[in-house]
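A lone chain, given as structure tokens: the form predicted on its own.
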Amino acid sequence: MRLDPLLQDMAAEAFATCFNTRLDADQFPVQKTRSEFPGERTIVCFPLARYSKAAPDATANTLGKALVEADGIVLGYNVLKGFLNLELDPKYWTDWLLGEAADTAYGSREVGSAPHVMVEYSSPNTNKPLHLGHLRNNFLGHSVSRILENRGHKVTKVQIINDRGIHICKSMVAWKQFGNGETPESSGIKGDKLVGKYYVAFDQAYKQEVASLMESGMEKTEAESQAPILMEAQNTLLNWERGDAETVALWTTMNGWVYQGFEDTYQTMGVEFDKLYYESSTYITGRERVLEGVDRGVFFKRDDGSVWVDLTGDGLDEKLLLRKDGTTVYMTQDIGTALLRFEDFPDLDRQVYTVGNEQEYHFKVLFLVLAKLGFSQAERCHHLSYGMVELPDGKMKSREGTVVDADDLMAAMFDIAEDIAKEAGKLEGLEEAQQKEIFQRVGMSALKYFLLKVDPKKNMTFDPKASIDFYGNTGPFILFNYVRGRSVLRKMEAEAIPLPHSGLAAPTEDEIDLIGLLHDMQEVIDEAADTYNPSLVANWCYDLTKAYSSYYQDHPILNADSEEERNLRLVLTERFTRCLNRGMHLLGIELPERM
């Protein structure tokens, strides 16, 4: 049984004995004791005074004495006003280390023991390569998927690829005008980057045409709408929607280049998907379902033929679902995608959408529309909203070609890791392939950890150099101390010392603090799953690593003064490396044995 519920049960029994009043265990709130006071757990006694008919501090003293006399795990107590601080028997912590913490599955639950959840992330447009913002999106969605799965949920990971619309048509027009038949094979340029190159070329040509029209006397607004290259892109979109064979063939070819480019980037990121959805298919389903909704009276049609949903009764407004010419909007596509997913996976409990915070209103509308269409799961669907990622020198603009390309950033992180490792001379004797793997793990850990340690709701600035520092709250700091712990365990094995299963010394205060952090792992994972917040796991990993790093420096492990002390320190080291490895795995970070 976990510690806090155990103490609540014990407190309920003791209170009933002392005050002849039985209360539910959840009426005894337990929290961690503040560091400036002795003890590990605190029971807040202010709410209990009304039942004890005594002052809060008197209630706390009576309850504390009873818990000590009960001859359980409470060894001592102290009272500050109505706060009862409990000092636990050190044996509780060593028993826990040798018991629950020894279970290799500690911190995880059987997959399928919780409802089926679908997590959507990435969801790129096919007119440009993935960038820094996509890195935060992918790492968040992938990490939340692992955290939910660790909690026992069956998880299906998906993305919706935005492969239609004016944006890809702009790249197509620019390629036809300026490309001279260029392909990824002929140019040696990765497919998504090649298409992105022509998206930037379109914008440059468009601006030149607008400027030329304005010089000839045309107003700016008219020039922006009458630029020949834009009109050609709009015509290309109409041809695609009509199914024009030549247009569709080019669209298929260029999107194919992008898909392969995306897949290469995902492999480097270390993320994957169970199923892909394409807007070019789901928007058709969305349009059909919206028209069905009109027939059912869920939506309404205006005199001009456009279709709307009335959400004024829900505190929002009226939302357009189909334009008067019958063409779809983003909401139509998202309705179709959501309904297709519920059909594809009949046991699906909810969908989690990893999308930037600028789309919060959009998802409020989507979930309300799904509810009006009769899907009970809609109230459990969740928008995993996250803030913008910026660089120290400001924002990015994709159409101007000023985005931070995801591939380039990851490669730069690997290069930084290589420079640091070679300067330190730590990898001498390893083969080149082994060194490369370590450079990539260190670089990727720095990147992922830095992007995940911040609460998703917050905007953040990504600083590549700060992220790879080996001191402070960084991925490399965590990796370094994990490798140090694993080195101790390898020496233990080399000296034929078995991992102890008994005979541990009574833990000191700093050892109890370290054990307490290990003890918190399941609680942290549960909260991260409930709130879709990987930063809780990331910062637990850092707190645990920081505590072990300090402990390692102050306490010899294999050369401890007694066998019992050595046993405790070895068990602590083994539990530290195993639990840290699990925690970092939930962030999508794989730890090296050497670095």
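Residue positions are given as counts along the sequence shown, with the first one as 1. For clarity, a rigid core is taken as the largest C-alpha set superposing within 1.5 Å between two forms. These numbers were taken from a predicted model, which means no experiment stands behind them.
Missing here is the form predicted in complex with the RNA; even so, the following discussion is about that form.
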**OP:** Spot the stretch among 260 to 268, 104 to 112, 474 to 482, 513 to 521 with residues whose non-hydrogen atoms come within 4.5 Å of the RNA in the model of the complex.
**Re:** 474 to 482
**OP:** Using heavy atoms only and a 4.5 Å cut-off, determine which of 420, 505, 373, 227 is in contact with the RNA in the model of the complex.
**Re:** 420
**OP:** May I ask you to choose, among 183, 252, 357, 208, the residue with a heavy atom within 4.5 Å of the RNA in the model of the complex?
**Re:** 357
Original post:
Every residue in 304, 329 and 459 with a non-hydrogen atom within 4.5 Å of the RNA in the model of the complex?
Top reply: yes
Original post:
Using 4.5 Å between non-hydrogen atoms, is residue 273 touching the RNA in the model of the complex?
Top reply: no
Original post:
Closest heavy atom of residue 95 to the RNA in the model of the complex, within 4.5 Å or not?
Top reply: no
Original post:
Taking heavy atoms and a 4.5 Å cut-off, does residue 412 contact the RNA in the model of the complex?
Top reply: no
Original post:
Do residue 278 and the RNA come within 4.5 Å of each other in the model of the complex, heavy atoms counted?
Top reply: no
Original post:
Does any residue in 42 to 64 get within 4.5 Å of the RNA in the model of the complex, counting heavy atoms only, and if so which ones?
Top reply: 42, 44, 46, 47
Original post:
Fitting the rigid core first, would the Cα of residue 45 be found 2 Å or more away between this form and the one not shown?
Top reply: yes
Original post:
Once everything's superposed on the core, is residue 30 shifted 2 Å or more at the Cα between this form and the one not shown?
Top reply: yes
Subject >> residue 466 C-alpha relocation of at least 2 Å between this form and the one not shown, rigid core basis >> reply: yes
**OP:** Over in the other structure, so in the model of the complex, do residue 467 and residue 588 pull closer or drift farther apart at the C-alpha level? The difference is 3 angstroms or more.
**Re:** farther
Subject >> Cα separation of residue 444 and residue 463 in the model of the complex versus here, shift of 3 Å or more >> reply: farther
